[in-house]
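Given as structure tokens, the chain that follows is alone and in the form predicted on its own.
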């Protein structure tokens, strides 16, 4: 009885938290009149017209969605690759001032966006990097490195250095030790860092709005500038674009949820393996 009650409470909490998301998804299949109906309609005739309008009347949507995918995936892959090597150096070689450098990395990452947007904008404008995919990818990668280093260092600290020593004694190169011996053991950490940073870049608006441009617009930018039309809120546009927008991260989190759970606890509650 207690176990059933416990699971019922968990389901209730989950449904309460999911209710706004479910309402947005349902609204994507409603007409404007159904969305604004009072009292709200739970039973309605679904329509796909909102999705047709999004792809036909909003010609830039496909480009904006592609920009979100490219900027997120490429920048996070670069960040995770760099962070793994940096975390390996911090974990294995422990250079002088490691603790201070780790603190410095995290403190820089904790700076609020509005505090750094002006110097970054001036730098990008001076070098002619505005509205440039490569420049924006490098910026997002730079912004994702500190958090990834912290996650991966915790994982690497939990992997015994004896693996490295055994590989070296048996004639393995550093490349072999790092990428063939150690890397497979921290795969959950790599996936956790990838997903966490992917969500950040996927949802990022401020820097894309300021140092981006027409060619690099992402979905948050499109939501911000397309919210109002015909003298009011365009609820069908908001609901439809949001529904498409939230699907990729939901699917990614669902597919890798076991790695995310491990990533949030590894290195904090266990020792070497």
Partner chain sequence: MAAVTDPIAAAPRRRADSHRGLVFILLAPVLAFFVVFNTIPLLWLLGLSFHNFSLTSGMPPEFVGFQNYYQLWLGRNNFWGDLSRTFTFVAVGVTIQTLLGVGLGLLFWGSRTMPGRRIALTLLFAPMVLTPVATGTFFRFIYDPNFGVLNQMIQGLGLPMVDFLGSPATAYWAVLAVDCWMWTPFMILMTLAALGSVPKAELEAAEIDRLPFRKRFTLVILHHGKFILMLGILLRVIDSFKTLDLIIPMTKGGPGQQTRLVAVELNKQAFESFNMGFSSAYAVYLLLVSIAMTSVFIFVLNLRRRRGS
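So that the term is clear: the rigid core is the largest set of C-alpha atoms that superpose within 1.5 Å between two forms. Worth saying up front: this structure is predicted, and the values here are computed from it rather than measured. Numbering follows the first chain given and starts at 1.
The following text describes the form predicted together with its partner chain, which does not appear among the structures shown.
**Q** Which one of 27, 50, 64, 208 is close to its partner chain in the predicted bound form, taking close to mean a heavy atom within 4.5 Å?
**A** If I apply the 4.5 Å criterion carefully, the residue I get is 27.
**Q** Would you please decide whether residue 123 lies within 4.5 angstroms of its partner chain in the predicted bound form, comparing each non-hydrogen atom pair?
**A** Looking in the predicted bound form, residue contacts with its partner chain include residue 123, since a heavy atom lies within 4.5 Å.
**Q** Can you tell me whether residue 94 touches its partner chain? I mean in the predicted bound form, with a 4.5 angstroms heavy atom cut-off.
**A** Contact check for residue 94: yes, within 4.5 Å of its partner chain in the predicted bound form.
**Q** Taking the shortest heavy atom distance, is residue 85 within 4.5 Å of its partner chain in the predicted bound form?
**A** Contact with its partner chain, yes.
**Q** Given that the partner is absent here, does residue 105 sit within 4.5 Å of its partner chain in the predicted bound form, heavy atoms only?
**A** Although its partner chain is absent here, residue 105 would touch it in the predicted bound form, with heavy atoms inside 4.5 Å.
**Q** For the heavy atom contacts within 4.5 Å of its partner chain in the predicted bound form, list the residues of 1-27 involved, in sequence order.
**A** Going through 1-27 in order - heavy atoms within 4.5 Å of its partner chain in the predicted bound form - the hits are 3, 6, 7, 9, 10, 11, 13, 14, 15, 17, 18, 20, 21, 23, 24, 27.
**Q** Would residue 24 count as moving between the shown form and the other one, using a Cα shift of 2 angstroms or more after superposing the core as the test?
**A** Residue 24: C-alpha displaced by less than 2 Å between the shown form and the other one.
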